[in-house]
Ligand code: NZQ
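A lone chain, given as C-alpha cells: the form predicted alone.
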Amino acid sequence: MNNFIFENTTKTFFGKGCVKEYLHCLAGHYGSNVMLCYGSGSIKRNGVYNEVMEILHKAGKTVTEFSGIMSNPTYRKVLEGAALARENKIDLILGVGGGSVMDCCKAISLAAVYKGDIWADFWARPGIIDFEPLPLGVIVTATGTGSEMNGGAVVTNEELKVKTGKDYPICNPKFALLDPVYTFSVPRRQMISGGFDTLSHIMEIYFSRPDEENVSDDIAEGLMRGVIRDLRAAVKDPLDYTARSNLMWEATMAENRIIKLGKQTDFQCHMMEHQLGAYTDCNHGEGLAVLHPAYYRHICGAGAVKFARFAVRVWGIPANGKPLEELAKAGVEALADFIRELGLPTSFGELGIDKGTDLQAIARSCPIVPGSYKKLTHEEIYEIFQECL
C-alpha cells in the first residue's frame, strides 16, 4: 500500500433513537444561537423537524431557520446562508437532510467567517484554511453521499456553469447523528439513486492503483457486495431496517476516507457527471448510473486486472480460465445489468437531456483527473456522452 496519514474528527452516533438520545447534550457544548438548515421541507412532513425543534428548544437554544437548500446547492445559496449566520450571530450550524444540505452547510460554515471570496479561494482552486469555520453538526435523513463524515462539499457556480467539490478536513462536521429510521420516508427513486451514488463512490476509489492486493480494496469489495445486497433488499421492502441501516453505514464508510487510504482514486466519472449537472441540473445518482457503464467500457481494458477482480469477487462471475479482458468486460456488463434491475436510467433521454444539449461544451468543461486507468481526452468524454444519448 502507498503511504498515508489518517484522521477523522467527526464523532458519529448511529442507530435508532440516536437523535433523541444525544442531540440535547451535543447542542449544549455550543452557544445559544443555532441555525437549522434543511431542504424543501420534507422534514416537516415526516416529523423530523418537530422532533429536532423540540429538543433544541428544551436545550434553551434560539433557532434561526435556513430552508430551501436545493439538490445541487449553488454558490448563491451558500452566500445567502452565510449572511444569515452572520446576521444572527450563529454559534452552531445544524444541517438536517442529505448530502446537498450537508455540503451547503460546510460551505456556509466557511463563508460565514471568511472575509474573502470562498469560491475563488477554496473551490476554484485548492486553498489553505488557517481559520476556524463555524461549528457544524449534521442529522442525516437521506443516505448516499457520505458527506456526514468528511469535509467534502460539492457546490455549483451557476454563473460559471461549474459544479465542483473540495474536501477540507477542517470542515468535517463536529458530530453526525445517523438514525436509519429517518430515511424511511425518502421516496423510492431517491433511495435507489442515493444507493447507487454510494456504489459509485466505492468504485471510483477501487478502480485505481495500486493493483496489488491491499486492505483498502479488500474493504471496498465487501462494501460493494453489501450495497448490492442491501439495495436489492430495500427495493423489495423499503421498511427493511437491516437493509436501510446497512445502506446508511455503507454510504458513510464509502466516504469517510478509510477505503481511500493508500489509493490513488479515480473520480473521472464524477467530474463528468458534475459538469452534466452544472448544465442540466440532472439527478446526481441517476446521472452516474447512465455514465458509469459507458465510461468503464472505455477504460476497463487498461485496468483489466482490477476489473476482472471486480467481476469475480463482487459479481461472483466464475473465472474458469477466462482471459482477463473477457472477465473485465463481464464485470462492467454485470454492473449495467444491475442498473437496469434497479430501474435506474440508462440514457440521457431518461434524464431529460436531449440531442439539442451542447454536449461538446459540457465535455470541454470537464476536468481531467490523474487517477484513471486511462487518461481521457475531452474528445473521448464527448464520445462517451454521445454513447449515452
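We number the residues from 1 along the sequence you see. Everything numeric in this text was worked out from a predicted model, so none of it was measured.
What comes next is about the form predicted together with this ligand, which is not displayed.
*Asks:* Heavy atoms within 4.5 Å of this ligand in the predicted bound form: which stretch among 86-94, 297-305, 101-109, 209-217?
*Replies:* The contacting stretch here is 101-109.
*Asks:* Would you mind picking the one in 203, 291, 154, 314 that has a heavy atom within 4.5 Å of this ligand in the predicted bound form?
*Replies:* Only one option qualifies, and that one is 154.
*Asks:* Tell me, yes or no, whether residue 142 is in contact with this ligand in the predicted bound form, where a contact means a heavy atom of each within 4.5 Å.
*Replies:* Residue 142 belongs to the contact set for this ligand.
*Asks:* Taking this ligand as it sits in the predicted bound form, is residue 245 in contact with it (heavy atom to heavy atom, 4.5 Å or less)?
*Replies:* Judged by the heavy-atom cut-off of 4.5 Å, residue 245 is well away from this ligand in the predicted bound form.
*Asks:* Classify residue 41 as contacting or not contacting this ligand in the predicted bound form by the rule of any non-hydrogen atom within 4.5 angstroms, answering yes or no.
*Replies:* Flag for residue 41 set to yes.
*Asks:* Quick check on residue 287: any heavy atom within 4.5 Å of this ligand in the predicted bound form?
*Replies:* Residue-level check for residue 287: no, no contact with this ligand.
*Asks:* Give, in sequence order, every residue of 256-288 that has a heavy atom within 4.5 Å of this ligand in the predicted bound form, or say none if there are no such residues.
*Replies:* 270, 274, 284 sit within 4.5 Å of the partner.
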